[in-house]
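Shown next as structure tokens: one chain only, the form predicted alone.
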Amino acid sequence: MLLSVIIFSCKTKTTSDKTGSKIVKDEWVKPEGKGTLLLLTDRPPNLETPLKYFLLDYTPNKVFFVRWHLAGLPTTINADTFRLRIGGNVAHELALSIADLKTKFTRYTITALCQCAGNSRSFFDPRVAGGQWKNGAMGNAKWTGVKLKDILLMAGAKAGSMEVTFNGLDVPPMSATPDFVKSLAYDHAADGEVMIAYEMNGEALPLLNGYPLKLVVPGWYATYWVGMLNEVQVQKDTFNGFWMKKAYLIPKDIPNGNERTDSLAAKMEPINKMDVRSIFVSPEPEQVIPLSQSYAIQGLAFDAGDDITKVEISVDSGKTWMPAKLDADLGKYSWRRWHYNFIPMQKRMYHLQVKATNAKGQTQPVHQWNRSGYMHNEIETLSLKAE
């Protein structure tokens, strides 16, 4: 089977306000094989999911967000000749076809949220550099494939292995640009939950989401979810690649990765587990809702897999909090949908807030900031007008 896609090229539109300052306006694109998505960049392609699709338990493949670091992305992949190569500190090097993965290993499925580390970066105050994502740099899906543990067992990973590295088919546009290679501690890679997926929501992965194979690291930010995965190397020692030692770093041992602009953290570490977070999905900001009538407020809550135990809503700037209703649990690594019936009794603007708490007692801060714009999880506010 040959899968191909046209990598689009378009520019973000700008306009100017009365002072002459440029204002970047949202631009929506529809690349081949995808639905309509919000464009961040075209080289490499980075596309955001419209908020309305988060009203669904699972994010449709056609509108699942897209995140790539390198512009050298193949536009055609032949699944018949493709091979996943396993090497390094192993007894037997492997070259596995897609058919091998589907017939020689036990099929495994898990529901897990995939969230970009920079999701919601545009909401940081003060602003930070990087892709100015809103809340749509994430998606929830059923991933089907093979446990990485089973592949490492077939390869005969040797005792004392320290880490496992992962590389995909995307390549740097210039020789000076580091190849995008990520790593996990060996024990994490072989924990029985980390997997290599060949299906997403019951279908083959879209090319722009990593076809034909994608590493799935439940509970961890998507920087580890390497797409178009074609190489796995078992390492004897600690891996010191650029994307682990220089990029995607967060303040070490500081809750929520919090820093101050006048006091940056001295010690940094690679980003890892997702923080507790909740967002509003419906209605969308500035929407007008009917006065003196019950209106359904809907949203999502999620964390690294420790179990969301409650979601609370405030309509008085955090002075008091009231419980929202949680929907069915789709799995510990899935997002959790919530609902709250709000009755506005006065004709005015309302500023609702939402916060989630998990089984460990972890919750959300009132304000959060760090230099890289990662792990955004401060309490979110939704402004609505009742009339």
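Position 1 is the first residue in the sequence shown; the rest follow in order. Treat the numbers as computed from the prediction; the structure is a model and nothing was measured.
The following text describes the form predicted together with a small molecule, which does not appear among the structures shown.
- Stretch-level contact check against the small molecule in the model of the complex with heavy atoms at 4.5 Å: of 234 to 242, 168 to 176, 188 to 196, 308 to 316, the positive one is 168 to 176.
- Within this chain, residue 214 lines the site of the small molecule in the model of the complex, having a heavy atom no more than 4.5 Å away.
- By the criterion of a heavy atom within 4.5 Å, residue 257 is excluded from the residues contacting the small molecule in the model of the complex.
- A residue is said to contact a partner when one of its heavy atoms sits within 4.5 Å of a partner heavy atom; residue 96 fails this definition for the small molecule in the model of the complex, lying far away.
- Taking the partner from the other structure, the small molecule in the model of the complex has no heavy atom within 4.5 Å of any heavy atom of residue 249.
- Of the residues 225, 280, 108, 124, just one reaches the small molecule in the model of the complex with a heavy atom at 4.5 Å or closer; this is 225.
- The contact with the small molecule in the model of the complex, taken as any heavy atom within 4.5 Å, belongs to 208 out of 148, 164, 300, 208.
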